[in-house]
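To begin, one chain is listed below as structure tokens, in the form predicted on its own.
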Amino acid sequence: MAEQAATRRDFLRAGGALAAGVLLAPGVFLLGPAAARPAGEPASSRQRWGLLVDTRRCADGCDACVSACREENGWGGRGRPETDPQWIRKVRVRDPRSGRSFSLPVMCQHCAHPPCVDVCPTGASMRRADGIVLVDRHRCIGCRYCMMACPYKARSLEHEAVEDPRPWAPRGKGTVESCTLCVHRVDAGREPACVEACRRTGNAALVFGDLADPASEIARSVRELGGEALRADLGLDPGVRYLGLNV
């Protein structure tokens, strides 16, 4: 998927700056981020699943995360960018002061206070106790209020009939969809497909894990290196954090 142009001002109005030049420790992978959740056991607020994106390790022109998400969840485009579904996208940002530009993946930010949930008239938009924000397509009426409410433009409407949907990612024409954080994999004790794909490229720009577990790799990295939220000024407390935005 082609990267989309945007200015830094469009994305960043965040609070504190990150320490310059600090890198994630190379070779540190989260091999066992989640224990499989027994069938029938509800999601627990003891976890807060999240992603940490190191923009300095996110290679220009690489869309392995996008391709992996598309393949895992079966939302392939039809060559119509204006209406194709878009669960995750690569975005290029540019600092007009320094001229520095870089790319980063943007997907549902799995906010603690998601405006998409607040505006949904049917309850189709929901937030699990463990922080994963989802859409119940059986309750979605396609009003798109959630798309308008999301400041990250992370949701899209499926405009066309869906053929051969994945059993774990039910989809349908006229319903809204977005990144599920590969909830089916998380519940099975696995990482999201985008994280695995990024690691296979050697970039390892994505770290997944439990932000509520102080011993987890993602929690330690956020604590020690920082982790900036896009549009932190909105107070939505996203579960997706970024490194290297202000370097």
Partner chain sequence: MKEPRLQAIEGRSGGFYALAALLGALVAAGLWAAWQMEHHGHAITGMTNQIVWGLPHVFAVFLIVTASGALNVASVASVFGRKAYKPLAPLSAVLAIACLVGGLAVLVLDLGRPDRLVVAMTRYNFRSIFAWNIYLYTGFLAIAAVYLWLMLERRMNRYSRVAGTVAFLWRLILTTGTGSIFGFLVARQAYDAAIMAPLFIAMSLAFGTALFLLVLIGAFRATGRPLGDHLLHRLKNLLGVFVAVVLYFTAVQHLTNLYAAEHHGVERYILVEGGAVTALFWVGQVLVGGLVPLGLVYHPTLGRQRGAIALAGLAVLLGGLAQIYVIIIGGQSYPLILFPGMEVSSSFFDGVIHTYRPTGVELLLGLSGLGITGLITLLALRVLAILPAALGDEQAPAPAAGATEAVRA
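Just so you know, these numbers come straight off a predicted model, no measurement behind them. Residue numbers count along the first chain shown, from 1.
Another form exists, predicted in complex with the partner chain; not displayed. Remarks below refer to it.
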Within 4.5 Å of the partner chain in the model of the complex: all of A169, P214 and R223, by heavy atom? no
Taking the partner chain as it sits in the model of the complex, is V162 near enough to touch it, meaning that at least one heavy atom pair lies within 4.5 angstroms? no
Contact flag, D118 vs the partner chain in the model of the complex, heavy atom cut 4.5 Å: yes
Is P85 a contact residue for the partner chain in the model of the complex, using a 4.5 Å heavy atom cut-off? yes
Examine G74 and determine whether its closest non-hydrogen atom to the partner chain in the model of the complex is within 4.5 angstroms. no
Looking at the partner chain in the model of the complex, which residues in 181-212 have at least one heavy atom within 4.5 Å of it? none
